[in-house]
Every structure is written in structure tokens, then in C-alpha cells.
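To begin, one chain is listed below as C-alpha cells, in the form predicted alone.
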Amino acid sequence: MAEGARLDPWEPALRLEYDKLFKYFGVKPFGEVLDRVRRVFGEPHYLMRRGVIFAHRDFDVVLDAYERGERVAVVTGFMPSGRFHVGHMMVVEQLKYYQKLGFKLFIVLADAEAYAVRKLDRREIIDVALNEYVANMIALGLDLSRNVTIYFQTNYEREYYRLIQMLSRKVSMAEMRAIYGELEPAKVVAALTQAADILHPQLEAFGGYKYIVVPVGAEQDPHLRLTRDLADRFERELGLRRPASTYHKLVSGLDGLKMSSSRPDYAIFLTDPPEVAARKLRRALTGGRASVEEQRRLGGVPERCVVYELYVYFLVRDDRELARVYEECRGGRLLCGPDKDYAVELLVKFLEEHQRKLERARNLVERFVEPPKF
């Protein structure tokens, strides 16, 4: 493998070069299937239209299965290692889209991984999973009562744990190092557990869903490569098939690096008081020029602007409004100060409404997921 080509799914603050996925790992551009998505699903998700969901593996297989009327499942998860931020929203928005299409949803709360890899306090992990992640899913409009299985990694069914143990038989440490680099035991177990998270819906005990798509951030591709190899090796014994996957770009932190719960000054959390979120956003990196005069003459560079990125990812849902902001920035008519004022207005309105829903949602979480007892 070329130097620098390896991805680390546990790195909290990387700056990812997305072209590496095409160059080194064989993913395909999502744009190649976008017209087919329109024919099969109807209107694509706005993140698909805007190129935020930019790559896939075997999504055409999922489209084929859906078109034939086969049952299709979505598998994704959250590691409850910190507060829920706007980057996590992208996964929930995709889940809502697939739920409307009739997909079965499997959502894993990766508490085992948070405990072993992040080395966090056990009770804190469970509390964060329930009151940050599950509650925010509900508040964002995901219906956990409709065709959804949501579970903690440490509190699930025996067939799932059996699968983790069986998967370990057909992979070597040399292979895992080639995918992940140097590994401690906790990461080995975490990787095999994630493979079981992705593959277990194919077992009859969990419904026998043979067509699975996994929407993930681009840095999670190592887990998909390992899982697809394991599916091939267990095809005859367990009837497993390769899962499909889609890859979305990562929301930038306010300093331009990856947004992460471990970097709270550069993240916007859905529980931030609106005035705190507003102050953070006003400090965000922009694509402005060195002076007002230069920006009026040359225009801004929205492609390098964290504020514009937030418009694209969640603040502006209307494509025509997004195009207006883009053109005014590029044309030098929208300066960074007024631009941030507009973004702050949208963000504060969103957070005020969302946090009212969140208070109600926190009373509902244990209806949908049973927390571990220890």
C-alpha cells in the first residue's frame, strides 16, 4: 500500500483526502448511480444531490434488490464517546430517508468500543448513548417504533456474540495490520464486533436480510473492507453476502479539521445553548479574502468556507436558496460578516426548536432500547 494511503477509523481529528478512496481503495463515485436513484427511489436525498454522499460500494446491488421488491436493511451505528454534534445529524437524516422508503433499520450503540478503545467510564457511556444519541435521533424525527432495531453492543442476542467469535477464525493479524496499521487487542475486538454489527442482520435469527447498505463517514471504510472480506469467507458456511456502503464527507470543525466530540471548542453540539453555538460559529474559518476590497473584487471561496459547508450539510435545505448564497459569495456581494449573521440566525432558530423536542424525547428513550445492566 502506498505511504499515507491507510485510513484510521479511530483518529478524531484527521483531514481526509477523499480522492484516496477512489485511488487506493476502489470505491466508485456516487454520481454514477444518482440517475438510477431517481428512477428507483424517486427524489434522491439532499446529501446525495449535493455531492456530500460522494462514493459507494455496490449501491447498484441495493437498487437492483429494491427494484425487485426484495427486503433491504440499513445498518449504521454511533460510538457514544461524546456529545451529539451536527456531524452525527447526517447519519440520522439518511436513516429517515431510508425509513420512508421502507428499509429495515439496524442501529448499533457502540458502547463496547467506546469502553475498550476510548477507555471511557462505563456508566457515562450508557448515559450519553441514551440521553444524547437516542434522544437526539427521536428529536430529529426518526421513528424508532417503526421497523427499527436499536441495541447496545453489550446487551444483545446470543447469535450476535456467536458471530463475533466465529468471524475471528477467518482473519489473520497480518491482514488486519494491512488494513488498520498497528492494533491493540481492544481495536481487534472492536473491528470484529463492527463486522458482526454489519453482517448479523443476514442471519435468520435477525430476519435474514441478504441485502444491506451501510451509510458511513469516509474514514470508516477500513471496517467495510474487512467486513466484505469476511462475508466472502463465510458465504458457504453462513450464507453471508457482501454489504453495500455509501460514504459521506465529514463535517468540518469550525477550524477546518474534522468535527469531533473530543474537540468541543470546534464542534456545534445539538445541546449547546443557542448563544454558545452562535459564539462558536462567529469564530469559524471562512473562505473570505484578506480584505473587504479584495473580496468584493475577487469574490469569496465558498469551497473553503466552514460556514458555507454548514449551509450545504444542514442549515439550508432549499437548493435554490443554497445556490443564491453560493453565487453571492462567489460574486463578492456577500461578505463574511453578513454571511455569519445569516448562518447564526438559522442555527439559533434550529437549536431552539430542536431542544424543545429533545426535552420531550429524553422521556421516551427506554421505550426503544434496553440499557445494559452493568
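Start at 1 with the first residue shown and count on from there. Model, not experiment: these values are computed from the prediction.
Not pictured, yet referred to below: the form predicted in complex with a small molecule.
- Scanning Met259, Val108, Met137, Ala129 against the small molecule in the predicted bound form with a 4.5 Å heavy atom cut-off leaves one residue, Val108.
- When the small molecule is considered in the predicted bound form, only one residue from Val214, Leu144, Val117, Leu254 comes within 4.5 Å through any heavy atom, namely Val214.
- Here the chain stands alone, but in the predicted bound form its contact with the small molecule, taken as any heavy atom within 4.5 Å, falls in 191 to 199 among 169 to 177, 191 to 199, 94 to 102, 234 to 242.
- Contact annotation for Pro222: none of its heavy atoms lies within 4.5 Å of the small molecule in the predicted bound form.
- Within 4.5 Å of any heavy atom of the small molecule in the predicted bound form lies no heavy atom of Thr286.
- Proximity of Thr154 to the small molecule in the predicted bound form: non-hydrogen atoms within 4.5 Å are absent; the residue sits far from the partner.
- Although the partner is absent here, Gln295 sits far enough away that none of its heavy atoms falls within 4.5 Å of the small molecule in the predicted bound form.
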